[in-house]
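Below, in structure tokens: the form predicted on its own, a single chain.
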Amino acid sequence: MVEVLIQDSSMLKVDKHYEEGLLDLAIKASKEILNDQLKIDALIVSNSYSEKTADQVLLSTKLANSLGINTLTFRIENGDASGGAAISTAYYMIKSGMIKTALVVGVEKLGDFPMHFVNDIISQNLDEKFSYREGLIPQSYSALRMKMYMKKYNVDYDYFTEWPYLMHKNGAENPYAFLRFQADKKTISTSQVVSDPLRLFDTSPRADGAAAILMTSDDVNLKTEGKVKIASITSANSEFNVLELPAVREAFNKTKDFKPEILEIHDSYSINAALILEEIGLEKGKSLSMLDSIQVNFSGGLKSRGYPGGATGIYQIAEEYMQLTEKFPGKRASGERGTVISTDELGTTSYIINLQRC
């Protein structure tokens, strides 16, 4: 049976790259892991919002031409879960024997625009008839979630400060992080209210970024410094649920025998982090008080590393790959098995990607 490996990765610092366009960022990330001897059978671009932010389509073909590659090219768009979808696509193409190598590149530019414009773009993730056209934004849904959680589990706002506090502590050590600073709990709890009770530190900063993954079948021998096997990938989707994430639960339960020691989760909001952790086994209503018991988001997560839209899932995979091959330049986790949970803004679609050091 064909095994699928990750043999290399790269990423740019998440930031506001005013002087560079989408293609510039994608080329930079790609060139860090390409060489003249490597034949790429497929080039897959993970991107969500280029039509709105750059008036650009055909990104994968343009990237391939810029890199001098003549191969199968296409772009994956599945909102902020595009990264998980792109990795899944490459995985099944290699697993089937259709191809042997895939370059998967995540790229997004959101830092050039005022927040009201970005919010309008991101709100396209919501259903058209009852949410987007009515002017709702994901922050409103997350505030509702947070308020209902506080009532159900009888916790106050201070409970939620645990998540951004830890993320900024981790991200302060990550040279690729956008907001690379620590934040004390008082600063978090007194930050600007976005949508009561949701505060600024409960959200994630949208910015620019590009990351790349080199995936191959196990019979492709490259002189790379570390290899990681993709043990399994599962996915699921569901309707929006206020206090549950059925898509995460269903996808995770399909592969629950895999026991990860390291986690990278999609913490678009502090409440989402709590709900994800509880769907994968931590006690409901207490997950954010149990963070000392797990190795989660040593990158700083979306809160500190930053939130580059459709490139986010590729960053998560690159970070986990670097952790498992002991190359991550920030805070190091220990273990040989890791899981990445890639979701959209509100967790209605989910990809569980299990990785194991070779």
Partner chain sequence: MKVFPPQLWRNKETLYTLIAGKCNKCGNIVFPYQEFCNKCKSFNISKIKLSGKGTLISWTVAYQNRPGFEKTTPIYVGYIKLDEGIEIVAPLTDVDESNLKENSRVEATVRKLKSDSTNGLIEYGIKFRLV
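The model shown is predicted, which means the values in this text are computed figures rather than measured ones. Positions refer to the first chain, counted from 1.
This next part talks about the form predicted together with its partner chain, which is not shown.
Checked against its partner chain in the predicted complex, the candidates V193, A172, M150, L222 yield a single residue with a heavy atom inside 4.5 Å, and that residue is V193. Interface residue among M93, A85, I137, L263 relative to its partner chain in the predicted complex, by the heavy atom within 4.5 Å criterion: I137. At a distance threshold of 4.5 angstroms between non-hydrogen atoms, T89 is out of contact with its partner chain in the predicted complex. In the predicted complex, at least one heavy atom of Y141 sits within 4.5 Å of a heavy atom of its partner chain. Heavy atoms of K186 never reach within 4.5 Å of its partner chain in the predicted complex, leaving it off the interface. Contact check for N119: a heavy atom falls within 4.5 Å of its partner chain in the predicted complex. Only one segment in the set 228-236, 104-112, 126-134, 247-255 has any non-hydrogen atom within 4.5 angstroms of its partner chain in the predicted complex, and it is 126-134.
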